[in-house]
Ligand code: PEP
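Below sits a lone chain in structure tokens, taken as the form predicted alone.
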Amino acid sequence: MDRVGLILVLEAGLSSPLRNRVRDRLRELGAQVRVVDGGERTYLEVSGQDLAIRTLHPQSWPGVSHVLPLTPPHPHASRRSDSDSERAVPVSVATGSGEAVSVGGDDLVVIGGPCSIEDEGRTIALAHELRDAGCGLFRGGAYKPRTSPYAFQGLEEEGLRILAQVREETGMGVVTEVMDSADLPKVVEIADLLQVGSRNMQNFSLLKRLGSVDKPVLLKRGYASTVEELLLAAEYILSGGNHRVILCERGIRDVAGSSQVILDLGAVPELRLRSHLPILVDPSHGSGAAHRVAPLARAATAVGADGLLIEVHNDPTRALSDGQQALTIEQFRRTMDEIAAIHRALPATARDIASREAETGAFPGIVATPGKD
């Protein structure tokens, strides 16, 4: 019998015919079942297809008192027993220079760029400045999901062409969003890291397609989604065979349902405890205003994020989308210096501290140690 993944606790004093009916139903669904006589109560140990059975809510079946799951609902996204419990499993992202960027390793990875690709000259000039400021990956939307149908929707294929030019001229890796399965082949040809935006986190047909793609995926949390739902969305991609998934916290709607978002930095240690996947934070979408971006970037670094996704524009006042939250290149350089200093000062790394605190309940003092220059 396979490892037990689910235990059904039957009602006290349940008759044999009703007990057998529950057992036979489980077997019809492809599970292996072992009956354990506990005296007054009987327990059914379930293995095999327990994850699929769990979605049928067996706790509502006649004769079942409650269900004890022994395996997570997202086994591929959950922390692996054979991995270092205090670290992410790094995801490698290709670049135009041939030297891959490792997300989830020792280095803090910063992905910078405009919300949308607007024109070739401005985009390439910005990319050169971002590379010189320390970015290994450049972000920019070619296809843009917008709330209003009248807002700028992106340059689409022309935007992809410009991203390819950025990659060739700067040696950076490029990150862009894929919105529709129909566009996936075109985006895969250009992008080194495929972004799934907040609105598409539960676009399950797209997630299934990404499971068969040989490119890493940056999966953003939906702005009305729980951490559990984010991990289940990642499970769609991972269970399809694509194991290079990076999670991103980008802010959630507040309870009043206003247009403001709240950056949920508590999601970082929570995800660290539950998953081996690298975690990025987007302080730009997580704040909605440029003056909040640098402080939240510093906080995200301190809480142990593996990297940041920051919007930068040559002239934010002229940006065609999200200019109010974009940094100038000068502001970005200052922010890079600040987060680098915080990252160097962290003991061992904040990722280790957050994981140990969550697992042991201990809260060790923070002692700054010299980092690498």
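Note that residue numbering follows the sequence shown and begins at 1. Not measured: the values here are computed from a predicted model.
This protein has a second form, the form predicted together with the ligand, left out of what is shown; the following refers to that one.
**Student:** Sort through 120 to 128, 195 to 203, 68 to 76, 299 to 307 and report the only stretch with a non-hydrogen atom within 4.5 Å of the ligand in the model of the complex.
**Tutor:** Correct option: 195 to 203.
**Student:** Pick from P145, G96, G134, G288: which residue has any heavy atom within 4.5 angstroms of the ligand in the model of the complex?
**Tutor:** Flagged contact: P145.
**Student:** Out of L108, C115, L263, L155, which one falls within 4.5 Å of the ligand in the model of the complex, going by heavy atoms?
**Tutor:** If I apply the 4.5 Å criterion carefully, the residue I get is C115.
**Student:** Using a 4.5 angstroms cut-off on non-hydrogen atoms, would D50 count as touching the ligand in the model of the complex?
**Tutor:** Looking in the model of the complex, residue contacts with the ligand do not include D50, since no heavy atom lies within 4.5 Å.
**Student:** Under a 4.5 Å heavy atom criterion, is R139 part of the interface with the ligand in the model of the complex?
**Tutor:** Heavy-atom contact with the ligand at 4.5 Å: present for R139.
**Student:** Is there any non-hydrogen atom of R250 lying within 4.5 Å of the ligand in the model of the complex?
**Tutor:** So R250 counts as contacting the ligand.
**Student:** Since only the chain is shown here, I'm wondering whether E177 would be in contact with the ligand in the model of the complex (any heavy atom pair within 4.5 Å).
**Tutor:** Yes, E177 is a contact residue.
**Student:** What residues, if any, in 202 to 227 have a non-hydrogen atom within 4.5 angstroms of the ligand in the model of the complex?
**Tutor:** Only K220 sits within 4.5 Å of the partner.
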